[in-house]
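Take a look at this one chain, the form predicted alone, written out in structure tokens.
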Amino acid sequence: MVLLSPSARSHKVDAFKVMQILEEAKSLEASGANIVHLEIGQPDLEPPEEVRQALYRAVKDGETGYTHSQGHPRLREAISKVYSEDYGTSVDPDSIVVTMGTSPALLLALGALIDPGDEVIITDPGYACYAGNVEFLGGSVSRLQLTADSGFIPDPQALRELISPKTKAFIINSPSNPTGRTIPRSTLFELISACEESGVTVISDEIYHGMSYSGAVSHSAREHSKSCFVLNGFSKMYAMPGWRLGFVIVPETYRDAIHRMQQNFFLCANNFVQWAGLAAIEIRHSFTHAMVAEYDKRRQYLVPELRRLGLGVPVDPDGAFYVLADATRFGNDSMALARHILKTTKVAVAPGIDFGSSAEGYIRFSYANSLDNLKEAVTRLSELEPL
């Protein structure tokens, strides 16, 4: 019998270490342990009642078949209106493709942009899954190093120096996972200009937009250029992570390619969930303002408490719901340290190495959990011993 083996391509996709910690935490819970989850970026708040009712109505009304592969026209028109009202930029609804979460949107954008051997620049630290998507498609990753001294904000001149003839794209994520930093408007636009000068396409991951604090403001890449891909979705801002609803705004040159890939790979996003997304947009201001205020309250509690525990937070996060903290006082191997913390304190956290070599020795804490649970986590972490 011939033994089959996984493809060489599949080996290029590394494990998502945050999910490994989550799975280990779930195993401990199954054996009776009480775990405080600060490892996963999953909002603990429930979606608005209007959103849930819209889902129920859609199912009751038989909205369970396929939709247009780009998504419901009404939903795309509503997304277009959001970008007009919130960012002052026009977006043709026909440039929008509704996807099953933002992850497929990223895969579609990269699939339209890169061929084997092409290069994509990502930040380090940066979202763990960017590299796997690029390498799965045969591309290579070049990493723009971010430092605590610069507040984990990308430097446009360093980006210019990193761009090579093979560079096809640069992925921007603001507010950022894992640093929780929001790129200032002037810097964001300079980063985009640096790419356009060299014929490099920007992919702007805006999934945490609207979740900024302390006067920080989320600006869309579309405000500066219509040649950028924009990724966004409903999982964070509307507390709908398991509903798997996102979208990509596509530059005109790539519309046909993205449309054909969507038809072949995903067909369309879930019909009834799209109706829920439409309801979320319609009531967004009343819900999201209260949600952001709640996250800010948690942020203001957690950051000084982590510092008190001896974890270094070099710069206050001002967006998303993450704190990236220097944990080298307790150990230099962040994966081993995350497992140690889980085993000894029953607090689940994300290892910094998942986000790039620059984050080794760091631990990422998510405050997408209740204030009571954050306080319990701090109490448990106060007993933490070094590795």
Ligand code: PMP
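This structure is a prediction, so every number in the text was calculated from the model and none was measured. Throughout, we count residues from 1 along the sequence that is shown.
Same protein, other form: the form predicted together with this ligand, not shown, and the subject of what follows.
Residue 251, heavy atom within 4.5 angstroms of this ligand in the model of the complex:
Taking the distances in the model of the complex, the answer for residue 251 is no, it never comes within 4.5 Å of this ligand.
Heavy atom to heavy atom, is residue 220 within 4.5 Å of this ligand in the model of the complex?
Flag for residue 220 set to no.
Test of understanding: in the model of the complex, would residue 102 fall inside 4.5 Å of this ligand by heavy atoms?
Contact with this ligand, yes.
Since only the chain is shown here, I'm wondering whether residue 236 would be in contact with this ligand in the model of the complex (any heavy atom pair within 4.5 Å).
Yes, residue 236 lies within 4.5 Å of this ligand in the model of the complex.
In the model of the complex, which of the stretches 173-181, 70-78, 310-318, 160-168 has residues with heavy atoms within 4.5 Å of this ligand?
Only one stretch qualifies here: 173-181.
Within 4.5 Å of this ligand in the model of the complex, heavy atoms considered, which of 213, 130, 152, 272?
Going through each option in turn, the one that passes is 130.
One residue of 207, 268, 194, 108 in contact with this ligand, assessed in the model of the complex (non-hydrogen atom, 4.5 angstroms)
Of the listed residues, the single hit is 207.
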